[in-house]
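Quick heads-up: it's one chain on its own, the form predicted on its own, in structure tokens.
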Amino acid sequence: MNVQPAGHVVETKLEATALHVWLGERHALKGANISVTAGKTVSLIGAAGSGKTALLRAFNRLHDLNPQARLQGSVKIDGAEILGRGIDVAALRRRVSMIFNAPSVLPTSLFDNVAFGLRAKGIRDRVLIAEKVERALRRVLLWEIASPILDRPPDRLTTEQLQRMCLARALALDPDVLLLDDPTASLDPLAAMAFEEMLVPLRRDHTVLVATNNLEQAARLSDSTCYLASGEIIESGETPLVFSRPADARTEDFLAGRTS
């Protein structure tokens, strides 16, 4: 999906091959093939029910939480298969963190919200936890607001700030990959733009796979774009080319608003 100069070694971070996902009777993903280069940002676009979230969830085994889900095919992180038995799923989810379309807030203090994953990992050093929490909050540009109220519930924060807090919780674990499932869906346009701008520098340090219903956001944020429809990847390629010269008429119709 990402064109590199001749002789350049490309490190594939995420890869799915012939991936099918069934959610009960619904065939949510049909033979998806995708390869994501390390350090790149890829947007998944498509209508609701197109398979975007099903694909995201496959990369950190979140389908395991749904007893009606069934997967077939291959999913690899750094070339290693993650489906099947013998995988430390908790460790996988620390490496491949997912942010949902609305803030997931724990009924505890702001500090404990961000530190949750660190403690779940078994870290008990209070100084180390405090350092990692501060660093994570600084990375999402929330430290100045959060530092005076770390010991209080985060109910004073706006929805956009809560979403930043959730991202800080993930970043505290130093993940390789960020999976973002329409992360600005619950935000107004101004808040969505602020959150998006905050994401820009993070893209330098992480591989990012973002499902979004905001086409302008996909065009601004991503190196490559995949268009999905009815559980199939219809087209993928470098974002400027997909948006300006789509190769498939179905992609062109979607981008032009002629299909939902």
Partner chain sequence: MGTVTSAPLDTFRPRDAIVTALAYASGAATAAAFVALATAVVALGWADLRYAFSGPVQLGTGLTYSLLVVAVALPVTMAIGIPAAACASEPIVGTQIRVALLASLRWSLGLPPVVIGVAAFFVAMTFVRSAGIGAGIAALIVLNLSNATARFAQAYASVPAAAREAAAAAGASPVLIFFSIVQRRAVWAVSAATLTIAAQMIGETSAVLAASGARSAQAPLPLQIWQYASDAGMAPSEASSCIVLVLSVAACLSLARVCRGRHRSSMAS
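Positions refer to the first chain, counted from 1. This is a predicted model, so every value here is computed, not measured.
Keep in mind that the form predicted together with the partner chain is missing from the display, and what follows is about it.
Put simply, W143 is far from the partner chain in the predicted bound form: not one heavy atom of it is within 4.5 Å. Interface residue remark: G84 is not counted as part of the site for the partner chain in the predicted bound form, having no heavy atom within 4.5 Å.
The closest non-hydrogen atom of K52 lies beyond 4.5 Å of the partner chain in the predicted bound form.
Of the heavy atoms in T184, none are within 4.5 Å of the partner chain in the predicted bound form.
The chain is drawn here without the partner chain; in the predicted bound form, the stretch among 143-151, 167-175, 74-82, 128-136 whose residues come within 4.5 Å of it by any heavy atom is 167-175. Of the residues given (E197, D205, E216, D64), D64 alone sits with a heavy atom within 4.5 Å of the partner chain in the predicted bound form.
Remark: all three candidate residues (A90, R93 and P107) come within 4.5 Å of the partner chain in the predicted bound form, counting heavy atoms only.
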